[in-house]
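Below sits a lone chain in structure tokens, taken as the form predicted alone.
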Amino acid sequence: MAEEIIAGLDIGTTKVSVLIGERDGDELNILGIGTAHSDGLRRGVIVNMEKTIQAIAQAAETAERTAGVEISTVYAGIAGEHIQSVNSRGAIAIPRGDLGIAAKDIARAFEAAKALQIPMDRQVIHLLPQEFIVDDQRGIPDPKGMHGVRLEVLVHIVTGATTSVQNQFKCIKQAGLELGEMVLDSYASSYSVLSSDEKELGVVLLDMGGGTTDLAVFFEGSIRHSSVIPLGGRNITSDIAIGLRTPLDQAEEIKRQHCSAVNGASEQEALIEVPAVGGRSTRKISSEQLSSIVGPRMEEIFSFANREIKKSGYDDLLGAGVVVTGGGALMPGTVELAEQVFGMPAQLGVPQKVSGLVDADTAPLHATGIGLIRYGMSQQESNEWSGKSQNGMLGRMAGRMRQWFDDLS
């Protein structure tokens, strides 16, 4: 029997999407999808609230109409170059007694981890547990009830500029929707395209959007590093428009129909007709010429990502390689180029066990939206400490953390 309906709101630089879904057995059934052109964001940051509100409302209305249901609450993705993350740790002494570690002790450890200096103009979006340490014993997912004299927690803290977070919240509210929770885009996408085995072995997730490329590194079941690279598909479109002297809308069409991320991947004999600016006569170029424009930009994005991976310190521990998803990952040659730049296996991240309105060929476009729905469903299961959840240790640990704080309320 299907569970409660959940909606995910993906506010991107080039499009705003609303997906409505429900769990049906072990699959996610997508009931409705609504997409609206986004012209109110730059590099993932809202710069025009009125246009963003209109896009959210339009996408929600379309999704509701196709699903035949009304939604009131959404789980919304957040990205943008204002996003920052840091790993922290908090340690406390455990009072002696026969009861062992209690929920209040775990909450105190989290407060200690959150005590680092966060500027007044920044707001915490996520406080994600990585592991617990009890008396130097590492890798503990749940210390409640254990005995020890010292409890330590390692956490991944994600923050955003307070003004950007508040602006997004206000746009959602004025579009007639309630916010369930804001979720980092790459973290949400991990719920849809990564398996628990990949997170355990070590994997990099790259979500290539229109204005940004979101990166997350997972190891031993937990997120270890995240960042937002302020480059995406719109930069490639702009490069094509400038390099070929063609309007932006025509450059976008050329990108979708003819581009390859690898130089010389297409047949050199194939000629592409390029409309000129100002109604001038069209001209023809080779696929090789087009690849020489697109390839360097894609390589630049991956090079920035590679620096972030090395900065994380987990570059030699990524047994599952790189998973590339998002609209930018659909370009031919993307996976091949990723393998060349990162020097490790790469694959296209396609949401699994999804039925309904999502087409398998374009599913990576909706990786974040699908992940937001699955994240929302994990909140419903947060009081169930079992291995049934598809999200593995990461989802269960986040849910368990919420339960510990609930125990104190």
Ligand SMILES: Nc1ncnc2c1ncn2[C@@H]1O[C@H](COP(=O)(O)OP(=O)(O)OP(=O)(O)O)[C@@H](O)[C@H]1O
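Predicted, not measured: the structure shown is a model, and the values here were computed from it. In this text, residue numbers run from 1 along the sequence as written.
Only in words, not in the display: the form predicted in complex with the ligand, which the text now covers.
**Asked** Is I272 one of the residues lying within 4.5 Å of the ligand in the predicted bound form, judged by heavy atom distances?
**Response** It does not: once the ligand is placed as it appears in the predicted bound form, I272 has no heavy atom within 4.5 Å of it.
**Request:** Check whether R23 has any heavy atom within 4.5 Å of a heavy atom of the ligand in the predicted bound form, and answer yes or no.
**Result:** No, R23 stays farther than 4.5 Å from the ligand in the predicted bound form.
**Message:** Even though the partner isn't displayed, in the predicted bound form is K310 close enough to the ligand, meaning a heavy atom within 4.5 Å?
**Reply:** It does not: once the ligand is placed as it appears in the predicted bound form, K310 has no heavy atom within 4.5 Å of it.
**Message:** T212 versus the ligand, in the predicted bound form: is there a non-hydrogen atom within 4.5 Å?
**Reply:** Yes.
**Prompt:** Taking the partner as it appears in the predicted bound form, which of 228 to 236, 86 to 94, 104 to 112, 129 to 137 has residues with heavy atoms within 4.5 Å of the ligand?
**Reply:** Looking at the partner contacts, the answer comes out as 228 to 236.
**Asked** the ligand isn't shown here, but in the predicted bound form which of R224, H82, R297, K255 has a heavy atom within 4.5 Å of it?
**Response** Result of the distance check: K255.
**Contacting member of G327, G333, G180, G148, with respect to the ligand in the predicted bound form [4.5 Å, heavy atom]** = It is G327.
**Prompt:** Since the partner is left out here, which residues of 361 to 381 would have a heavy atom within 4.5 Å of the ligand in the predicted bound form?
**Reply:** Result: L365 alone.
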